[in-house]
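Okay, here we've got a single chain as structure tokens, the form predicted on its own, with questions on binding and movement later.
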């Protein structure tokens, strides 16, 4: 099979996928060295390893593709500098054949851009008899996924690599993302880049950047500089156009799209520093009548302010913002927010009070805003992503005709599979970020002060620790979620994938890695190759040791991922399980 695969042609790639589909290594069979996320199919009949030649090279004939060349150089350095020592020494025989001399890349389509739905498949063969390895992919981005797999099959100092291995791999879902909120607390560029680096290693491909919110507007826009100058936390807590370009390029070299979100018309209190006349209820106390009158709140958390849909100037500013963001980010998806429109905030404005008194409704206000912005986003060749609220909020929502499914994706965050079902049954594509499973900030309590609910000894806010979405989402909770649960086959096709979300009320760079990893890794595997074995059984049990190993490797690569078990558990297999 290895000799056939050395032809590296597209038909042979298809043959290899078929071979591995028919004769894969059983999912129940533990590998001496693991790849995370687990490949779709892998064959390693006789576990053995071969040394990497000191002159080992990754051979690429595609110097015209700068992002690929960057990846080739990076993985070449990693192979010789990582010196990974697994927690449990791999039980493999060292091949007596010559060291591995090269990995040759074969790519059939260099022109496919990094965008939703791009082909990320690859196949990989490592032969001990020839001392050669081959990586074939349709696109540059698939080749990057294969390079990551190749790097994870290597370990030791001096490095050795798994030999006589055949991998054929492709993701189940095309959208596999991480959302990071950089408004509530600021994250320097290097922290964002480290997150993207870890995403590439986990074969995640979308960095959803929730840039702005009511708390700060940290993005410096050429046409609207005052928004950041008056709405950020300070001059050292802003992202310049040069920063954005560097982050986008960094992501491209790791196969990670950068999807910007400018939330509106809610969550816009930070716009009031520059334009107080277009923001309602800005800088007002969020809970004027206390928790007992929750319906009269001005925001769902401290930080008030919503754009006023009745002000013509609102759209002058918003259009300039959208235009600048679309110019800075090449990503074809534009996330326009649209969530959590709080009635009390709009009702605090005299002009809106008159509109409502004359028979207007809050939903009509949202419709006016979306009718003035959605077509403009579409005119820039962008698909608009909104949070589910624009369709499903019980109080403020629009008719489907306002947001055509052809140009709209809805991101779900409430009520688990139920809201996913509602969205796809209405004909919309969806991205799943259910707070019941994928919100990584949950379980750390609340951040509001002067909270009398703790006056009584033993009070823990009903067991959620004060967190509205508690308890804490363990990696197993994340791994267990089937994002197409309860959907028909046709409905499931509308699920683009999922994103874990880290909202930053109580997160900043000091805890970023540990909040994100390895729980985001758990989602990464379920969206890449699933969470079930070939018999259809959930594989979280065997995933535990593998995730321990992967977390250990990520830490070695500079990602300060939190532990999931005592180290003793990994060195005593099965002893920490509930059932042996």
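Please read these numbers as outputs of a predicted model, since none were measured by experiment. Residue numbers count along the first chain shown, from 1.
Keep in mind that the form predicted together with another copy of the chain is not shown, yet the notes after this line are about it.
Although the partner is absent here, residue 226 lies well away from another copy of the chain in the predicted bound form, with no heavy atom inside 4.5 Å.
Proximity of residue 510 to another copy of the chain in the predicted bound form falls within the 4.5 Å heavy atom cutoff. At least one heavy atom of residue 214 is located within 4.5 Å of another copy of the chain in the predicted bound form. Taking the partner from elsewhere, residue 394 is found to have every heavy atom lying beyond 4.5 Å of another copy of the chain in the predicted bound form. Put simply, of 174, 471, 188, 375 only one has a heavy atom within 4.5 Å of another copy of the chain in the predicted bound form, and it is 471. In terms of contact with another copy of the chain in the predicted bound form, the residue from 477, 101, 74, 493 that brings a heavy atom within 4.5 Å is 477. The candidate stretches are 102-110, 500-508, 143-151, 159-167, and the one lying within 4.5 Å of another copy of the chain in the predicted bound form by heavy atoms is 500-508. Residues of 560-578 placing a heavy atom within 4.5 Å of another copy of the chain in the predicted bound form, in sequence order: 560, 561, 562, 563, 564, 565, 566, 567, 568, 569, 572, 574, 575, 576, 577, 578.
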